[in-house]
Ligand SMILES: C[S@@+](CC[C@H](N)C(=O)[O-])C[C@H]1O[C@@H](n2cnc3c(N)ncnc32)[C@H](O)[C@@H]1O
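Encoded as structure tokens, the following chain is the form predicted on its own, with no partner shown.
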């Protein structure tokens, strides 16, 4: 069989097994092609002519095994390949961390700088709930003069983040800290605090497809309404931001609930290509003192 033939077969199998998508790609064709190319050791940017490539019996067997792991065993594609791509960068991932998929990858390049007096003078940034460290690395690459504190409660996640920080040669600028939200952050104020927290309501996490339940629950479960960590971070961030600093939070499907509770903070909702617009920015001046009276 040709590579293209295997791709068509894989797409049918994805449909037949009702595979849950969205961790690596939202499209079965794209995820299946990715897995096939990775299994065969072929470049991800291979030309379309690669579809006509005839496969050996051993190559077909390898693809069959990978598709079994993905579709029958329900192992997420990123855990099979031990990698994820974000912002054109490759990151190591495994079962210790959430598979990277943040809207900040499309927001950072063009929508954040206008909210800062001088992006070149951003010297201190925090990435809270860093997980694999991917956003901390993207922040360090975007704010070239900044040191980034990447914080997570999970020691396992920080082991993965350390791999990625070393791979991207940013150990001198990205510091990994273990603790709860901003608790372990050293004294001083930040220009930017960013957080992609666990924001799924507990009941929703309980109903997730098997592939998503393979990810660490700690990285998904945001409490009864999904905003548990967000409330705490808003309280912590007020005294930890410089006067012209900004806080950025992604809340997934919790935007309406966030607006009901925290609309008085005048959040700016970033535009995303899929129209979900579920990540916001809050200026330091809006966080205090009014938020101190907000419901906990």
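Positions refer to the first chain, counted from 1. Not measured: the values here are computed from a predicted model.
Absent from the display: the form predicted in complex with the named molecule. The rest refers to it.
- Out of the listed residues 84, 192, 181, 137, 181 is the one that sits within 4.5 Å of the named molecule in the predicted bound form by at least one heavy atom.
- Only one of 229, 40, 238, 265 comes within 4.5 Å of the named molecule in the predicted bound form through a heavy atom, and that residue is 229.
- Proximity of residue 153 to the named molecule in the predicted bound form: non-hydrogen atoms within 4.5 Å are present.
- For residue 102, a non-hydrogen atom is located within 4.5 Å of the named molecule in the predicted bound form, even though that partner is not displayed.
- Contact check for residue 120: every heavy atom lies farther than 4.5 Å from the named molecule in the predicted bound form.
- In the predicted bound form, the named molecule lies within 4.5 Å of some heavy atom of residue 218.
- Residues within 4.5 angstroms of the named molecule in the predicted bound form, judged by any non-hydrogen atom, belong to 154-162 and to none of the other stretches in 167-175, 112-120, 67-75, 154-162.
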